[in-house]
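Quick setup: one chain, the form predicted alone, written in structure tokens, and binding and motion questions come after.
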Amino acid sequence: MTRHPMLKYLKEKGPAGPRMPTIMCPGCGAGQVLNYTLHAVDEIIHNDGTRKEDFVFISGVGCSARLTSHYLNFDSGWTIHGRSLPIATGALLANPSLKIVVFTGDGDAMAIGGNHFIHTCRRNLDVTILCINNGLYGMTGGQVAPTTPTGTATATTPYGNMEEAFDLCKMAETSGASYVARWTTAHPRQTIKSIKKGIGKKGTAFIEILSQCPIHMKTPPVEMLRDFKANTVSINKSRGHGEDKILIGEFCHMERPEWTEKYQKILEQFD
């Protein structure tokens, strides 16, 4: 039987036995994001001369956090809730040549980790942040999150969320990230292309990936994927239309000084 080409990047067995299939709920989009990420990394390794050992994956706490130390056969760090970006900062200071990819969820990044997020973008730290946004707290029971759309019923907003949701890409762009994009799990090719761009970008790359949580939203995953297609519009094609839809695409791709490079120049003054 032909093995899947991405299996070489995964831990198939652990102390407790086989690790595959993953512990993700049936239909969860986190596995798709892992797939897209590995395809992007595989292309970088084969085409750009980057070594597997140059990558480090870091995560906080949440559904997406299990993708790192549990399943990835890379150097990785499974850290505490909301603190993946400070850990990434330390790793980068120790070795600025690393390609650091952070897996985070919308709650992990934008609630308890929100302050670290805006300052990482402000500093333009050379990390790639992949935010798997399912619009709620998936691991702990489906509670309302900072990204839950207004009116959505969750475990803690049974009559509908009355608050406005954060626009994560606007936050990243206005805070100073060099590369900002948004896609969905229903846009695999675009997502893979963006992840490659993000990893290759010097500075903070933030890629938001809207993802389905069929268990808590009580909706079949296929229907949720169809909704992603129907309810999104490319920023290049919107032209003032589709105000009721979610914009997807690349929002920012610019050059800015990167933080560790500026830090290194200070150190060189004392050599």
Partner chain sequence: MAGPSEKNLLKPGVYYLQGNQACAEGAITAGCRVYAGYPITPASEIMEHAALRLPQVGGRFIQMEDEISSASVLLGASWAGAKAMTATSSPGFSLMQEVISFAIMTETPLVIVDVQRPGPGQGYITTSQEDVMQARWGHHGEGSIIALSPASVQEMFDFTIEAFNLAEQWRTPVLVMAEETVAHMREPLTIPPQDQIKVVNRKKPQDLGISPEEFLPYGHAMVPPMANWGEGYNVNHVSLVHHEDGNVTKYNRDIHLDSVSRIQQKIEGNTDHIARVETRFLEGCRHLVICYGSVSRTAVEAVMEARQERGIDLAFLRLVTLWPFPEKKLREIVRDVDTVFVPEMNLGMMKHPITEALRDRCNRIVPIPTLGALHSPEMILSKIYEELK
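Nothing here was measured: the structure is a model prediction, and the numbers come from that model. Positions refer to the first chain, counted from 1.
Same protein, other form: the form predicted together with its partner chain, not shown, and the subject of what follows.
Contact annotation for residue 197: none of its heavy atoms lies within 4.5 Å of its partner chain in the predicted complex. Shown alone here, residue 53 lies within 4.5 Å of its partner chain in the predicted complex, counting heavy atoms only. Interface residue remark: residue 209 is not counted as part of the site for its partner chain in the predicted complex, having no heavy atom within 4.5 Å. Within 4.5 Å of some heavy atom of its partner chain in the predicted complex lies at least one heavy atom of residue 93.
Partner contact region in the predicted complex: 74-82, out of 182-190, 164-172, 74-82, 141-149, criterion any non-hydrogen atom within 4.5 Å of its partner chain. Scanning 56-72 for heavy atoms within 4.5 Å of its partner chain in the predicted complex gives 56, 58, 66, 68, 69, 70, 72 in sequence order.
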